Structures are given as structure tokens and as C-alpha cells.
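The data below hold one chain only, encoded as C-alpha cells and taken in the form predicted alone.
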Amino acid sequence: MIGATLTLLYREIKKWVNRKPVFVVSLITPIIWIALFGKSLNLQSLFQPPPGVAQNPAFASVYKSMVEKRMLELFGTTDYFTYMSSGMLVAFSLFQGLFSGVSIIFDKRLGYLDRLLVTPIPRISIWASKILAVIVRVTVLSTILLVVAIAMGMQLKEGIGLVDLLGAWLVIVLVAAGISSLYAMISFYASHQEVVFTLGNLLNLPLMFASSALFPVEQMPSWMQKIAKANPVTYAADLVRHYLIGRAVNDYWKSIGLLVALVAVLLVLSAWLSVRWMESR
């Protein structure tokens, strides 16, 4: 099973790398996310001191201190770009998970999946290779995203070490594994690719915006706060910020436990239903 999974994984990675336009676009996309979307929401510009205050150094200093204190309370950092770019690592992982479903849909349409199903390889290997391929993509692209964010001004916490980076990576991988397993399960049963793309847009955008990926939960309307606090993307974004920028997490072990439990359920359910579909062919 391991050998078959690795062989199919190699095929997925080779297909991604050899398709030059797709590969180049996937490398450029993280840069666009940070350079355009990230820098366009510059909240610091909204807190510039009024002209009368700015002309008085003493008042300007007090004003700046008050603004930084409030920013620190809201975002865990005095730089909003740092807050958002760390959350965008999770959001980017969320959208990359859709590619597991897209790959399955095209394999079905081109007849490649039918050819695989007449071979004696374990059916679980076909499913696992799709999930692992997304994890490899997310690892490469999120690394690029982080490097670009740091180059553009993202402020990592003091004393950050390898353990912190691995912790953030594991959280991002959990999100990628969970969402890709969901789309893989849907894609095996879907008859048209439009179903996968429609569900992707319907699910991913609310998951991103109704979470702490871009804005603190405390700044949302009360009804939306309830949704955000139940959103697994919120737990993932808060954990990534904890590891990368040192923002405190209200309940560290609860966040980890709920995220791991949800991803485990999605993986088991997806593997079972996907293998069941393949065995019924």
C-alpha cells in the first residue's frame, strides 16, 4: 500500500510541476495574495493622528501609544499586516484543498481513474495520494507565502524557533488534510465538475470570512461571533498566530483538540466513503 501510494503521489507531483503554466501560476498566487490583498487592507492608515495632534510631538506620541495599545489588544500585534498575513496562511491552505477534488474529477473524465481501478493496487492508495499531493502543494506554497510576507513586513515573534515553525506547519497541514479529504469524498460521488467548484465557492468563502483569519472575532456582530467561534478555521488561524507572532490563544489545548478531532473524522469518513465508491465500480 505504501509503495502504491508513493508511486501515485509522485505522479501527482510530477503532473503539477510539469504543467508549467499551472505551476507558475500556483507560485505567483501566494505573492499576489500578500502583495495586493494583504497590503491593500492597511489599517494603520486609518489611525493617523489628526493634523492638530500630528503637529504637536507630545500629543502625537501619546496618540500613537494609544493606537498601538488598542491594536495590540485587538490583533496581538501593533501591525495589522502581520495579523492578516498569518491568517492568510490558513485561508490559502483552505482554498488549496479544493485541488484534491479537481484532480479526481479530471481523472474520472479522462478515464485514468477507470484504468487504475482495474489494477490490483489498494483503493485506499488512490485516495491517499490525492490528500498527500495537496499537503505537498500547501507545504511548498505556504513556505513561499511566509517568505514573501516576511519580506513585505510581517513581524515574527521574538525568539521564534524551529518548534514554532513546525507547529504552524502542522496546523496548516491539518487544515489542508481536512478540507482536501472533504472535497475528495464529494468528487468521487459527483458526476460533474461544476458540483465541486460550486460547493468550493459556497463553502470556502464563508469559512474564511466567518473566522478570525482576516479580522478578530471580537469585532464581528454578535450573531457572527457565534458562527466564528464554532468555525474550525478560527481555531487554526489562532494557533498559527500563536506560533508565528505570539498572539495568545484563549484555550490552547481545546483549540488543538477540536481541530485534530474534526480532521480525524473527515479523514476517516472520506477514506471509507471514497473506497466504498471505488469498490462499487
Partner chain sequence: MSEYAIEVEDLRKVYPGGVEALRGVSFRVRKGEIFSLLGPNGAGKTTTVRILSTLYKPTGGVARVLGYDVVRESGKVRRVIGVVSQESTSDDEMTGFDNVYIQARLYGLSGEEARRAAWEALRFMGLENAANRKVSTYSGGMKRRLEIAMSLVHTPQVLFLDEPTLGLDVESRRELWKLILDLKRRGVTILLTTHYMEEADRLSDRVAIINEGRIIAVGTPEELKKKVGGEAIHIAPMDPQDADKIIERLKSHGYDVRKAGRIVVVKVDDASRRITEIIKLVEDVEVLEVGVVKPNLEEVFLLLTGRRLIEEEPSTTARIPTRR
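What you see is a predicted model, and the numbers here were worked out from it, not measured in a lab. Positions refer to the first chain, counted from 1.
Separately, the form predicted together with its partner chain exists; it is not shown, and the next lines address it.
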property	result
Partner contact for residue 123 in the predicted bound form: its partner chain, 4.5 angstroms, heavy atom	yes
Touches its partner chain in the predicted bound form: residue 191 (any heavy atom, 4.5 Å)	no
Non-hydrogen atom contact residue 116 with its partner chain in the predicted bound form at 4.5 angstroms	yes
Heavy atom of residue 166 within 4.5 Å of its partner chain in the predicted bound form	no
Segment that reaches its partner chain in the predicted bound form - one of 179-187, 153-161, 90-98, 105-113, heavy atoms within 4.5 Å	105-113
Within 4.5 Å of its partner chain in the predicted bound form, all of 250, 254 and 259 (non-hydrogen atom)	no
Contacts with its partner chain in the predicted bound form, stretch 1-16 (heavy atom within 4.5 Å)	4, 7, 8, 10, 11, 14, 15
